[in-house]
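Just the one chain here, laid out as structure tokens, in the form predicted alone.
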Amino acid sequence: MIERKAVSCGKCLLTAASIFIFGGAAFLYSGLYPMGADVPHNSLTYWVLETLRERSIAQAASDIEVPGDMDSPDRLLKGGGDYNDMCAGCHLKPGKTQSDFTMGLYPAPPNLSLDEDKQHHGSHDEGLDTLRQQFWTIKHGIKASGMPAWGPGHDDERIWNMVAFIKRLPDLSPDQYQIVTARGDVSEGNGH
């Protein structure tokens, strides 16, 4: 009797799994899910993707060693120019609330010039985990989000300079931002 129930239960599970797999494949190939960046994900899809992204980055970044001089003025100045050239179009600068990129990207990139309390994308502290995750994100990018991987063209030192700048960015006024991000002479080693 127990064997018959086990076989029956196994058949039910196999049938349910087959229906789930077939239904999932049918949905994928149907083309019914809206992929346009101007149509938001439903709340379940958004939660799944957001949770997957946050946990994946946290796991991948957990063993990264943060340099001890993240508050050095030299890092701030070197990272500022790169941020202005490579990041400000999407992640904005003090005094800006949107750009052509921020209006057209979904999900919208976080405004890194705001205090974390004012941002709508996750919560970060200024701890080592945040710095590690920012470094990893800049270096490796995020699939299907518009965030490129800067690692192939930028060494770790240059990426840490951008992280140091991002750490200080919410404290900068628009005028301070202009001063800190101004590029000096090309021969000074700014990378351009």
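A residue's number is simply how far along the shown sequence it sits, counting from 1. Since we're looking at a predicted model, the values are computed, not measured.
The same protein has a further form, the form predicted together with heme C, not shown here; the description that follows concerns it.
In the predicted bound form, at least one heavy atom of residue 146 sits within 4.5 Å of a heavy atom of heme C. Within 4.5 Å of some heavy atom of heme C in the predicted bound form lies at least one heavy atom of residue 110. Taking non-hydrogen atoms only, residue 91 approaches heme C to within 4.5 angstroms in the predicted bound form. Although the partner is absent here, residue 114 is not a contact residue: none of its heavy atoms lies within 4.5 angstroms of heme C in the predicted bound form. Checked against heme C in the predicted bound form, the candidates 140, 167, 41, 53 yield a single residue with a heavy atom inside 4.5 Å, and that residue is 53. Not one of 160, 177 and 180 is positioned with any heavy atom within 4.5 Å of heme C in the predicted bound form.
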